[in-house]
Each structure stands twice: as structure tokens, then as C-alpha cells.
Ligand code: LER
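Single chain ahead, by itself, as C-alpha cells, in the form predicted on its own.
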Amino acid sequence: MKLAISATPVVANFAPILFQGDIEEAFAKGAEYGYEGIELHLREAHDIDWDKTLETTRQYSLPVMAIGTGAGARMDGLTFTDADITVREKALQRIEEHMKLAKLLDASIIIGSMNGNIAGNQNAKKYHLECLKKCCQLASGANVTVLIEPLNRYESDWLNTVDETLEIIEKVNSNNLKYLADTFHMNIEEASIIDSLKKAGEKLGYVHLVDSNRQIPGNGHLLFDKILRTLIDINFDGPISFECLPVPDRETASVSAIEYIKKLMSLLQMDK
């Protein structure tokens, strides 16, 4: 399991992203703090210089693990469930550009907010499935993994649980579609985070470790020793990132997050 710092070139203090600002600085600081990867959040794929970013990953030996696409939904209203076909097509076009960048950087693509809402639209789930299948077809051609992330009920009116997510993964039936588990959302929606992770099993492709208050692990009440033990027990070896609020500031949060989790992982290895 490799630990990744979340980063975005957009400064938005309300966003649960640790490093907000200059991306090259995010790589430099991530390497300094001991991270093994970057989770990059972009509104549009060309918000950054592709060639320069690739060069930066090599310079710091810090790969981009995944590209977050939620800003396209939150800022531009692009989702896979919109009743307007032109909006859905624009959403797919946006993802296709992200996909090209993901192929270049050997990264995965996260689909969270772009899953959209379904209230008042009886065809929403059908639209979503059609878009997600097209998305996975594009990803397959680019050899990119798609990570579908369920959100909590206060951010999405459907697709909130691991059961719903696994059902969609089964319907899409694509080897490159995996489940992204976010412990903040799971703490709201799942009866048991542990049981849900076990249920996901080999379908689990990526994990966001976030505490109950959306801050870094250790700042809330979630039991991350048990969560990490479960990930070890199910043989999860994918990326782990911290999609957390930068509280009290980005440096303190970034350093404290990795130190806390590395300490827990070390203790768990000693217990084996």
C-alpha cells in the first residue's frame, strides 16, 4: 500500500484536499514529507502542463496515482445522470481528456461527484450506466483504471453504499472498473466500515483515509488501526490517499497524516 497526498492547482479552502496551490511545489513537499504518490484533482485536464507534470513525477520519483474529476461536476454541472444529453456528452468529453492525461501519467480516474443525482429523473440510472460503460470502454483502450466512489447522502441522493457500488460494477462488467472506498462517506452510510471493506474484497481498487470530521486520520473518532488491519487481511495493495481538509494548515495536516498512518502500519506489521 502506497500513501499519496491529495493536491490541486486551485486554492479552495473548503475542499477536502490537503495541498492547494502550485503543483510542482506539491510534488516537492510530498516527496519531502515522505509520500509515495500524488492524487491530482483537476477541473479540466489542461489546467496543468502535461509534459512538465510528467517530468516532475520523474524528478521527484513521485507518480500520480489518480486524477480526481469532481470539479467538473461541482463547478461546471457535468454529470452522467443529467436529463440533457448534451450535458452528459460534455461530461464524457471532459472525462476523455482526463483519460488521455491519465494514460500519459499511468494514473487512475476517479468518478465521484460526476455520478450525479437522480431525483426527478426517472431515466437517470439508465443514463448513468450508459455513460459509465462508455467511460470504461475509453479507459480500456487507454489501459486506465476507473475508480467509482460512492458519496454520502448529503452530497448525493443515490449511490451511497458499497452494495450499490458493487451492483453497478457488476452491471458494467468491466475489468478496469474498481470501487474507491472513502472512510468519511462510509462512516455516514455503512453499518460497519470493516464489513463493507471485506465485502468489497478484490473489487477494492483505492482507499481514501479520512476521519469522521473530514480531517486527517487521528483528528476524529474512526479506528484506523482496525481499518488498516482489514486492508491487510483482504490483501489490499492499492494506493491510499488522504482526501482531507487541510486543518489547521496544509503542512501540518500533510505531515501529521502520513506520520500517523505510517506509525499504525508499522505497529500492525510488528503484530504479524
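Numbering starts at 1 and follows the sequence shown. Computed from a predicted model, the values in this text were never measured in an experiment.
Just so you know, the form predicted together with the named molecule exists too; it's not on screen, but the next bit is about it.
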query: All of L151, D182 and H185 with a heavy atom within 4.5 Å of the named molecule in the predicted complex; finding: yes
query: Contact flag, R74 vs the named molecule in the predicted complex, heavy atom cut 4.5 Å; finding: yes
query: Distance check, D163 to the named molecule in the predicted complex, heavy atom within 4.5 Å; finding: no
query: Contact flag, E155 vs the named molecule in the predicted complex, heavy atom cut 4.5 Å; finding: yes
query: Touches the named molecule in the predicted complex: K29 (any heavy atom, 4.5 Å); finding: no
query: One stretch from 232 to 240, 46 to 54, 59 to 67, 207 to 215 that, in the predicted complex, holds residues within 4.5 Å of the named molecule by heavy atom; finding: 207 to 215
